[in-house]
Structure formats: C-alpha cells, structure tokens
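One chain follows as structure tokens, the form predicted alone.
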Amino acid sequence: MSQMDAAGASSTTIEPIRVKQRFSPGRFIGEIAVEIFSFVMNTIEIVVGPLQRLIGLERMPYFFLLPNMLIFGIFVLFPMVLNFFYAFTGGTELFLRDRPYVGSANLARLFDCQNFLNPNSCNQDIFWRAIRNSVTYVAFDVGGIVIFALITALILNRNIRGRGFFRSVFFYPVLLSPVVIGLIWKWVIQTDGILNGMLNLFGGDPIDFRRSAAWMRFWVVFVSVWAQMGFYTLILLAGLQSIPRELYEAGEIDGTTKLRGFWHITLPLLKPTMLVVLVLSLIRAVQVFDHVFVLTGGGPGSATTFIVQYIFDTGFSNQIKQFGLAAAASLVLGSVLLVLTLMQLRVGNRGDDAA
C-alpha cells in the first residue's frame, strides 16, 4: 500500500497545473503583428534569397536603390531632359514631335532688352519684373530669416523657463503646408479678415492690403519669415550648443562683457553654421512660389510675381501657352540654382575641414 501511495503521490506531483489565462487584446494584436511580419519577411526571402545568390551580396544595395532611382528618373531626370529640349522649340503644340526647332530664339527673347534695369524696355517685360521682384524678395527674406532666426536661437539657448515649449512653438509653422500657410494669412489680411477686425475694434480704419503693392510685398516676406524661421532657428541653435562653455567662462574670468563675448566668441564660431543657413535660405527663396501664389496670385498687377510664377503662367496659366519660352526661363533659373548649390557644397566642405 505504501508503494501505491507513493506512486499516487508522485503521479499527482508531476501532473501539470493548468491556469486559465485571461484574454489580452494587446497580446492578441501583437501575436497577429508578429505573424504578419514573419509572413512578409518569408515572402521577401523567396525573392531576395535566390537573387542574392545570383548577383552576390556586394551588389544587393543597387537592387534596393533601384525603385528610388526609377522614381527619380521618371519624375525628375526625364522632365529635366525634356524641358531642355522644349527650350529650343517654338509654337504652341504640346507634343515635342509637333514643335519646330528654333535654336536659341527663346533665350534671345528673354534677354532682348535695351536696358536690363528697365523692364519696360525688354521684349519680355514680365520676366524682368519677376527677376527684379525676386532679387528684392531674396534680399529681404534671407536677411530677415538670418536675423530673426539668430535672435530666436540666442534666446532659446539661454536657460529660460519653458524652453522646450517655445522651441516647439517656433518650429510648428515649418510643419504646415505652404498652401495652408497662404490660406491662413490670406484670411488674416483680407478686407473683412481678423487683422482689419482688430483695427476696427481699436477705432482704426480697415486697410485694403490686397490692392497695395507695398503692403503685399511686405506680407509675402513676413509670411515667409514666419513660416521658415523655426527650421533655421534649430540649425543655429545646434551651432550655438556646439560652442564649448569653457570659452565663455574664460572670457568672464578675463572680464569680457556679454556683448564682446558675442562678437569675439559666438559669431566667429557660429560662422560656418550661419553660412549654411544663408545658402539654404537663398536656394529656397529663389524658388518661392506656393505660398505667394495662394496669398497674392502675383498681384496686385505684377508686384509679387516671381520667376517661378512667371514660368508657371507662361507655360500653363496664360491663354496662349508658350512652353518653349517657359522652358528657357526655367533654364535660367536652373543655372542660378546650380551656382547656389555649388556654393552650398563648398560651404559644407569648409565646415567639414574646419571640424
């Protein structure tokens, strides 16, 4: 009996104890996600495995780059090449095979001027007005971005209360679409908008901003600085935080004031970062179109018509669509952007050498 009792006791001890588990939605979803991921990876392995054995491991990066290169070739490289050929053709036909070859006639029309400083003396007066507007816009826009982004970065670099909150506030407009930005400010400055409502509240007369060339030039620059300043502020803030604190402490020991420390420590060490900000903002400002087109439509008259809008209007918006002339103007713009890009690369190389 004792052996039977022992056997019974041993059988009860090795019998597993089953605990009823509660259903967990999170665990269930996680298990489904793992199964889906495993299925996808196994499916990819069916294709990629033989391919890797066929072309070798060292050539696999080209396989993964192929989709991106196809998209780049179809939507960027091919239109650039096609645009180059359109610049040397005339007529109003859309398809290249129906357009006659005119050589450099389109470029000659763009540069047919008696006085380049007087757009009225040019064959394409709107083109030169757009260039003059673009130069003025770039000067004020880039200058405003550099100045205000630097001031904001200097403030946010200090140990102030709510610094993280203010950083996010200044960066938030960068996340908005340029079209949304244009619509918001169009609603703000229109005749019955919020700005004129505030002026009326304080006893002022409403201002018809959209009919004033001076006001609309101001607003396109103001909106651009407001929308883009946060991005360049973060770049400058990163540059400020890379400056060793020991330099400022050594300056304080020597009796250096904060103003002299800014001129002799901060600005020289921040110069490479400021050059990057300057070149990037230049490239962006030269290509301005979206928020200005929504905000002003190029008006009043041609006061806020810039080079990209001239290309758009000439090739697509006007009743007579001059694709060749628009393509020639885009070649001029592309040449300017190429020079600015080379400047950016040179600035970047200088920064790497200095590092």
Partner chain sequence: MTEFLTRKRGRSGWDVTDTLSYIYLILGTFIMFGPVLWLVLSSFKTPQALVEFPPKLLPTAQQTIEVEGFDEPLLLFDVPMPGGTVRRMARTRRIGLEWHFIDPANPTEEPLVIDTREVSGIEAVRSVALALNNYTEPLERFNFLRFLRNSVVVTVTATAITLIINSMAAFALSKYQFRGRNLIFVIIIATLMIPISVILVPVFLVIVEVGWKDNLLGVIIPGAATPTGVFLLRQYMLTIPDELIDSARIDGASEWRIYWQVILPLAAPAMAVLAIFSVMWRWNDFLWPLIVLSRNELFTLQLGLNSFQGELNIQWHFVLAMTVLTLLPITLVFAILQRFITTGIATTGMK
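Positions refer to the first chain, counted from 1. Quick caveat: nothing in here was measured; it's all calculated off a predicted structure. For the two forms, the rigid core is made up of the largest set of C-alpha atoms that agree within 1.5 Å on superposition.
Another form, the form predicted in complex with the partner chain, is not on view; read the next lines as being about it.
- Site annotation in the model of the complex: the residue of Gly255, Gly103, Gly197, Pro268 reaching within 4.5 Å of the partner chain with a heavy atom is Gly197.
- When you look in the model of the complex, the only residue of Leu240, Leu107, Val138, Ala213 with a non-hydrogen atom within 4.5 Å of the partner chain is Leu240.
- Not displayed here, the partner chain is approached by Leu65 to within 4.5 Å at the level of heavy atoms in the model of the complex.
- Using a 4.5 angstroms threshold between heavy atoms, Arg284 counts as touching the partner chain in the model of the complex.
- Shown alone here, Phe222 lies within 4.5 Å of the partner chain in the model of the complex, counting heavy atoms only.
- Thr304 falls outside the set of residues with a heavy atom inside 4.5 Å of the partner chain in the model of the complex.
- Along 263 to 296, a non-hydrogen atom within 4.5 Å of the partner chain in the model of the complex is carried by Leu280, Ile283, Arg284, Gln287, Phe289, Asp290, Phe293, Val294, in order along the sequence.
- After superposition on the rigid core, the Cα atom of Gln287 is displaced by less than 2 Å between the shown form and the other one.
- Residue displacement note: Gly204 has its CA displaced by at least 2 Å between the shown form and the other one (rigid core superposed).
- Fitting the two forms on the rigid core leaves the C-alpha of Gly56 displaced by at least 2 angstroms between the shown form and the other one.
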